[in-house]
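Alright, two takes on the same chain below, each alone as structure tokens: structure 1 and structure 2.
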Structure 1
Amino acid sequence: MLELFKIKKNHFVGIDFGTASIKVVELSYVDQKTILENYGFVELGLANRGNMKPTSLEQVLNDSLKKILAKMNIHNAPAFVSIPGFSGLVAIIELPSMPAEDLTKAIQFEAHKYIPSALDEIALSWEVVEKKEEQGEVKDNDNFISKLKLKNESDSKSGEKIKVLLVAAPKKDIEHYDRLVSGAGLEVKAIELETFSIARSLVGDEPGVFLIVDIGSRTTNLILVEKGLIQANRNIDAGGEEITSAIVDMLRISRSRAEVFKKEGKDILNSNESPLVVPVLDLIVGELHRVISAYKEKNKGSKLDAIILSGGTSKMVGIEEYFAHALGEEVRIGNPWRAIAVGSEMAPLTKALGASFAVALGLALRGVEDYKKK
């Protein structure tokens, strides 16, 4: 077959299927520099997503993806795709040290405790994170395991406990995103849980302890990262949509006006007179408290370096101050563009997009990292 578009081996496309939009970014790696080639997003407009037939939802995702790829002139490049955090599981489990063959069985047994569905319906990967020579993988899907750099932190002797990073996602979700992206003509190189993409773009190898809070449209993903390794992960079934609902209730205006009002740039969260009461933010604060206390309890004397906010809702004016006040910790807005060379014509726009592109960038960065290793 005549090849119209030559595959660009040093270009990497990250595709984030969010509930509100699909975000796409294209990075290249040239002369030891990671360069932003292009980015784009398409709003899905799926307010009634819950009532949609799966076939109609599939059609919307299909059409939207093709539209944005055509607009960005992306025809042939290795693609890296995310699965929403809430669809999968990332857990650190502790087991007694044992030979690799026994470990596979023990991990599958442990996984059952976390995952209600049948094991043959999920892709399961694991890695010993504190005893590198015993690492292994249950090969259900070659594309599916992703982790930040794993550290050989301690020399666990026999009889000691070992820490295992367990990653799982439904096979049907993996196949679904694979089908969508291959159907749009791209070569799917890897599919990973967005939890890993976010941690890669916002923390990467940075030493220290960070708690990432990615607040999207309908979900919030909390990721505790220590020395580049995920230590805890929680997903909350709520996000920016609930902030819009709180504005609707407070001001008694329509949803579309409330959405505009939310983005107007006024600090409605920390106002002295009548601050907006947002139950979902309190819910997130409560969960953050629990994650931080559990970490400090387990690692006596350790401290958190910062809470890093990301997702579209991190653009809300005053949200940094809100969390800092509620938690008494240092809070900052994540910058997933920090290691990427951005041309002057695109710089103002990437600034406006801020941390909402953390997933897409983390995915494309995985391509760059894999390429550098070759």
Structure 2
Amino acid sequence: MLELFKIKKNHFVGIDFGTASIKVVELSYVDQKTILENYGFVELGLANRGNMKPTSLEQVLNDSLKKILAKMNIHNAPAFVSIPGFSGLVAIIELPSMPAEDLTKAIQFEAHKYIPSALDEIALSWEVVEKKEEQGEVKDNDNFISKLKLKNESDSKSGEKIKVLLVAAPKKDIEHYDRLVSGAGLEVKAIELETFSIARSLVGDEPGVFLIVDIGSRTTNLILVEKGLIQANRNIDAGGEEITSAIVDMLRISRSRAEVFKKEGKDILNSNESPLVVPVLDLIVGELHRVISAYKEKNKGSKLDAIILSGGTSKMVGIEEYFAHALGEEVRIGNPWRAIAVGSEMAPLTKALGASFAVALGLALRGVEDYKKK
């Protein structure tokens, strides 16, 4: 039988379902290079998303996804899909070293402390992660639904402690996004929390300690990464929309003009004359102080290498200086395109997009990494 569309085994699609838009990236892996093939996004225009019926919201997402995939002419590549970070849980728990069968029960018992829902409604994933070289544990925090990797019981030491990366998300959310993407004609290869996608594209395996501040439209995700491994993750129920509202109120301009002003106007965050007061930024700074203090208290003598800003709001004029001054730490804008080969015609466009495509790129990079392991 003639195959109309043959699957491209070296092409990978990342689909980021954000609160304000859907972003899609297509990468290929050729001659040991990761290449940008295509990208696109579609605004959802869901001002009253919280008041929509689930069936109506799913229809909007389904139609929007089909629209952008048709425009990008994507129909024959494996898809990697994100779940919003606030929908799930990422936690590091410490346990005594024990046999695999006992560890499974212990983790499920510990999970009750972190997850209020019934465990049969939750998809759980965990990995044993090592801090000491001599332990020889396998570190792999990329997989959302993954196999447990353990040393043989005979290798464990008496009194030895292990750290476990626990990841959880509602099964109904996983099924929801799987249904959306499958309904658009793509094969879903993996679904993961966007927390991992962001860390993969902005930090990867870079050594050091980094704190990612991903400011989305309605939520902000704080991700502490040490040696490529997520150590802590917190979500704040506020984001770029609140910053836009503050600009609207201060300058008395329309919302559309305020969005443009954020990225192209003067620096009103650090102005000596009349600096803009944004409560949500104060809220983020306060939470960052708590995350940094908790890490340094637990890891005496450790230092933070950098704070990395991500999300559409990272393009706001003056925001890098604002966080550096408030926190006394090195701050930089994330660059998820740094390891991607981009054609000369696309380079100016991707530079303008900045870190707003961090999730979609991280998802597609998951496909590249899986392909390289084969």
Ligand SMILES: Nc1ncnc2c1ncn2[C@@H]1O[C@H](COP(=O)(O)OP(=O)(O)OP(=O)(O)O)[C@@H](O)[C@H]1O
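Just so we're on the same page, rigid core means the largest C-alpha set that superposes within 1.5 Å between forms. Treat the numbers as computed from the prediction; the structure is a model and nothing was measured. Residue positions are counted from 1 along structure 1's sequence.
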Margin query: Deciding between structure 1 and structure 2, tell me which is the form predicted in complex with the ligand.
Written below: 1
Check: Is S182 one of the residues whose C-alpha moves 2 Å or more between the two structures after the core fit?
Finding: no
Notebook entry, point to check: Under a superposition restricted to the rigid core, does N73 display a Cα displacement of 2 angstroms or more between the two structures?
Noted result: no
Margin query: When the rigid core is used for the superposition, does I253 move between the two structures (threshold: C-alpha shift of 2 Å or more)?
Written below: yes
